[in-house]
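In the form predicted on its own, a lone chain appears below as structure tokens.
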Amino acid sequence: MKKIGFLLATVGILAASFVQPAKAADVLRVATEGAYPPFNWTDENGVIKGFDTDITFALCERIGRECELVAQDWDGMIPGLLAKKYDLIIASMSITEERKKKVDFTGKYYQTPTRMIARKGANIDGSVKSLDGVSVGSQRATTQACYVEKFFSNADIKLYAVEADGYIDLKNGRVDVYVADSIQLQAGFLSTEAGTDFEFIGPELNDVECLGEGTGIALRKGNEELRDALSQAILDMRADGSYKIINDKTFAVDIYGPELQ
């Protein structure tokens, strides 16, 4: 009887050792900023919402994993991932060669252009010459900040922890030009009351080195199976129309960008 009891207890311990880790492994901790509308933002109840969040839960469901959101300040995103505070970054992070030295990326899940805005009638056309001595703002540790520092060295550059702080300075005349993702500029500032006196200036900005090749999901190196599963899930969502449903909930245009990557 003791032998049977011992055997059953041993089997129970072995079973638990296999079942419990599998359950824990199903939970993916996903970092996002919660301060970058309409891609990610935080409502009055502290709930993070937006396109990034909608995509997150759709992808996790598709690959059969449970997801848990983690709010993270933008300039601590990659350090937090490397420190294993979370497993993924789904926070509108552009895929660049510089970032790929530290982390891995899925294929893109959207790709939108970078542009500049200024006050209407400011007589700034967006050319490098027109920005000499002009105050130019952007969010710190972003691809846009990389672009500004690379091409507008003769401007007075101001970098901000969050986009909202830059918009406040723009509205109050402490910065003349602001550089950001065009969709974020439109929805996050130009379409608001504060942005009515401002407009896009110059063309779309292009520089693969700084601005990257689309927006992807970042994860630690060595997770190829998870990376490939998420990349395939993005393509499957494009193919079956579920991506469009999520896209159209927030945007009037398809933000995925060119189909060929």
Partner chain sequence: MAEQEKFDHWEAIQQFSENVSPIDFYLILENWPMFWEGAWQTVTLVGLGLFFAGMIAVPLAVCQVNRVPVLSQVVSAYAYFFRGTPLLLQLYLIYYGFSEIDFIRHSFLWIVFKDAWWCTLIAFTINSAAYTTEILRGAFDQVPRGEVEAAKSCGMSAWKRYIRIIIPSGLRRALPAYSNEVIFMIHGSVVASTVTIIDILGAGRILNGRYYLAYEGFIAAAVIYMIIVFIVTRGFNFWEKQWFAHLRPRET
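Small disclaimer: the values here were computed from a predicted structure and weren't measured. Numbering follows the first chain given and starts at 1.
Keep in mind that the form predicted together with the partner chain is missing from the display, and what follows is about it.
A.B. asks: Tell me whether I55, A187 and E199, taken together, all sit within 4.5 Å of the partner chain in the predicted bound form, counting heavy atoms only.
C.D. replies: Verified in the predicted bound form; spot residues all out of contact, no.
A.B. asks: Check G121 for me: does it contact the partner chain in the predicted bound form (non-hydrogen atoms, 4.5 angstroms)?
C.D. replies: Taking the distances in the predicted bound form, the answer for G121 is no, it never comes within 4.5 Å of the partner chain.
A.B. asks: Contact with the partner chain in the predicted bound form for E98, defined as at least one heavy atom pair within 4.5 Å: yes or no?
C.D. replies: Yes, E98 lies within 4.5 Å of the partner chain in the predicted bound form.
A.B. asks: At the 4.5 Å heavy atom threshold, is D104 in contact with the partner chain in the predicted bound form?
C.D. replies: Taking the distances in the predicted bound form, the answer for D104 is no, it never comes within 4.5 Å of the partner chain.
A.B. asks: Even though the partner chain is not shown here, does A141 get within 4.5 Å of it in the predicted bound form, heavy atoms only?
C.D. replies: Looking in the predicted bound form, residue contacts with the partner chain include A141, since a heavy atom lies within 4.5 Å.
A.B. asks: Among 157-165, 126-134, 177-185, 106-114, which stretch sits within 4.5 Å of the partner chain in the predicted bound form, heavy atoms only?
C.D. replies: Looking at the partner contacts, the answer comes out as 157-165.
A.B. asks: Scan 187-223 and write down, in order along the chain, each residue with a heavy atom lying within 4.5 Å of the partner chain in the predicted bound form.
C.D. replies: Heavy-atom contacts to the partner chain in the predicted bound form: nothing from 187-223.
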